[in-house]
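There is one chain below, alone, in structure tokens, taken in the form predicted alone.
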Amino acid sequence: MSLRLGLGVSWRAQLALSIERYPQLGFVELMVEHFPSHKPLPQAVLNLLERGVQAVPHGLSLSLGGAEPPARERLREMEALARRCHAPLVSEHLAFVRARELESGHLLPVERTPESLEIVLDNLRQAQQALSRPLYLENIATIVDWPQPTWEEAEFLRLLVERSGCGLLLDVSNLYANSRNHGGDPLEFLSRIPLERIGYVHVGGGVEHDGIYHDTHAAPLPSEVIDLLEELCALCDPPGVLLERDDDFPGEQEFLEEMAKIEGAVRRGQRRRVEATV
């Protein structure tokens, strides 16, 4: 059966009531590091699962782009959460956050070279062997990038997805941020990645400081991100689209307005895609 998630939101305790009251909710994303296996799931999350809302574990700390293999304990935590919430898939970032015992505290970009490609592929294989659910890889937003890459980001993602068999978690907000900060055409990016491998999509807000756009997940959705989501949905039918909000949490009315923006963009893109086939 094909994957279908619908409209979703990253679950945060500060948004629990708004999330519970949202009638079109199809899925929530659960940050693996926030739900350790030795603690019970919050009752609000259990209530969502009881009513049929799907849950997707989303990791921050596997460091799949690092020189060291993903830690077994972190993989066990991701697997445990996936089993507890009967998840259809799990997801992580294409990034590294660790070198030996040093933690960066931030998602760092992966060098796009043949050597790095093989390292990431090996880490992906180890993670896939430890997980009982399909693994989906997310593109990240970066303030700086490695010099003289062998491949552009879209091509590097395509190679990883095709050679590893993993899926793609496409963050259109990160795509927008990188196009703002590093240049490049986001529509060209979309034309070069395997859209059919998308499991779901992230959208979130950000702010600009001193000429640099920061994907903060703590601001309303910019119109440019909504427009890019519409363009994506005019090209393909992503199984799910999810709002990320990690701070400066909105009241219920603002939350509903943000979700309505997402729903409208998806609907407009779908209509355009259908009209293009007539």
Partner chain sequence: MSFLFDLISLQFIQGPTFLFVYAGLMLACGIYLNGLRQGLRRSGIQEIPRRELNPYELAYLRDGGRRALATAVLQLEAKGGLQVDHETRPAPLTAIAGYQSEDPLEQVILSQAKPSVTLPELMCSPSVQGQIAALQADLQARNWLIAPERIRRVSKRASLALFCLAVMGLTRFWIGLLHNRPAMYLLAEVVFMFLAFWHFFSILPKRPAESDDYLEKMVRERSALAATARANPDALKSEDAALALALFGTAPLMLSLLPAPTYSSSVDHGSSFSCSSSSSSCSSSSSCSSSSSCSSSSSCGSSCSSFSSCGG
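Positions refer to the first chain, counted from 1. What you see is a predicted model; the values in this text were computed from it and never measured.
The form predicted together with its partner chain is left out here; the points below concern that form.
Residue contact check for L15: one or more of its heavy atoms lie within 4.5 Å of its partner chain in the predicted complex.
Contact check for A44: a heavy atom falls within 4.5 Å of its partner chain in the predicted complex.
At the 4.5 Å threshold, heavy atoms of E20 reach its partner chain in the predicted complex. In the predicted complex, P40 stays away from its partner chain, with no heavy atom inside 4.5 Å. Annotated contact segment (heavy atom within 4.5 Å of its partner chain in the predicted complex): 249-257, selected among 249-257, 232-240, 52-60, 210-218.
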